[in-house]
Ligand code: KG4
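Just one chain is shown here, as structure tokens, and it is the form predicted alone.
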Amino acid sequence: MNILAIESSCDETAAAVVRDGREVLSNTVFSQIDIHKLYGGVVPEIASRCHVEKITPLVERAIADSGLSVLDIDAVAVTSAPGLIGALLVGLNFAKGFAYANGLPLVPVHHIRSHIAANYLVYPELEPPFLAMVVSGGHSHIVSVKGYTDYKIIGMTRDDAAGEAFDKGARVLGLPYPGGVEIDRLAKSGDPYAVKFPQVSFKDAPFDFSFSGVKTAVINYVHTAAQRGQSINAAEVAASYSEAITGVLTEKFFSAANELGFTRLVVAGGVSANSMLRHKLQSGLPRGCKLYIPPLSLCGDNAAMVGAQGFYEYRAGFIAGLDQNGFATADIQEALCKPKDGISF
């Protein structure tokens, strides 16, 4: 089954063709980093306008690169939630038009589910059940994946996501956008134990995260030094800050796996590209466990992961009608449409 997939939830416009949820036939991405760098972060209206400009040529290129024609496409999968609502609607409405014009089923896909599914593209043997940790700019979840469309949240952030914390920490250190990449690069030359930053735990929810406190701590550390006329070692601050964030992510993920009895551990999302996190996960992996983590090319937002998850959503009957809406927020545990609630084209 050949699925055309579309992703436009934030500041990447992407299109791909994926076969049977496992084989990438093409994967095209246009990143808006250079556009938003001027503003120090993503400007939603600008992101939406850029998606409008790029989506048609990207879809045409994805189909051409796949070696297929439109007649070979069997379904259209599209990110429908969560994300920037204006950006989401660009991709969703294009997908609706393409599906309608070509008599194809429309499959709405949850963004966090698709990040997890990125691993299906590189690990043919991987299948549920397994424990997943999704860490990105807007999400920090530990999820029990009981089936390809069956999820249960084990823990999640109560405030800021890990990626957001990295970006804010980078900004206070004067690093350019995108901050997560820059703070990771700087941290490699610093002592991760030079500064003690807080790590938060909750007695009532041991697998939940909180990153607002560590974010505030690094801001106060830098501002206090400036007010006193003292210089700081930016590399040491970056490394210590990264240690606090990646340390708590790793500890809670492994602790959840141990308590729940999981031996297959999956990591996904933009922050899974962080070198310190990857090292901690790989070097500290509990005995008897296997770690699945995507290559850097599939950590960030892309359409191939949407096509991977879209295949399993389609197989489970989650086909939408042309009234399908996009949602800025959505629970990973809930389907985006009713099973077989589509229309026949």
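From a predicted model like this one, the values you see are computed outputs, not experimental measurements. Residue numbers run from 1 along the displayed sequence.
Beyond the structure shown, there is the form predicted in complex with the ligand, which is absent from this document and is the topic of what follows.
Only one of 67-75, 89-97, 221-229, 135-143 places residue heavy atoms within 4.5 angstroms of the ligand in the model of the complex, namely 135-143.
Proximity of 17, 60 and 63 to the ligand in the model of the complex is absent: no residue of the three has a non-hydrogen atom within 4.5 angstroms. Only one of 208, 243, 160, 184 comes within 4.5 Å of the ligand in the model of the complex through a heavy atom, and that residue is 184. Taking non-hydrogen atoms only, residue 80 never approaches the ligand to within 4.5 angstroms in the model of the complex. In the model of the complex, the ligand lies within 4.5 Å of some heavy atom of residue 111. Within this chain, residue 299 lines the site of the ligand in the model of the complex, having a heavy atom no more than 4.5 Å away. In the model of the complex, the ligand stays beyond 4.5 Å of every heavy atom belonging to residue 117. Along 153-177, these residues reach a heavy atom to within 4.5 Å of the ligand in the model of the complex: 163, 164, 166, 167.
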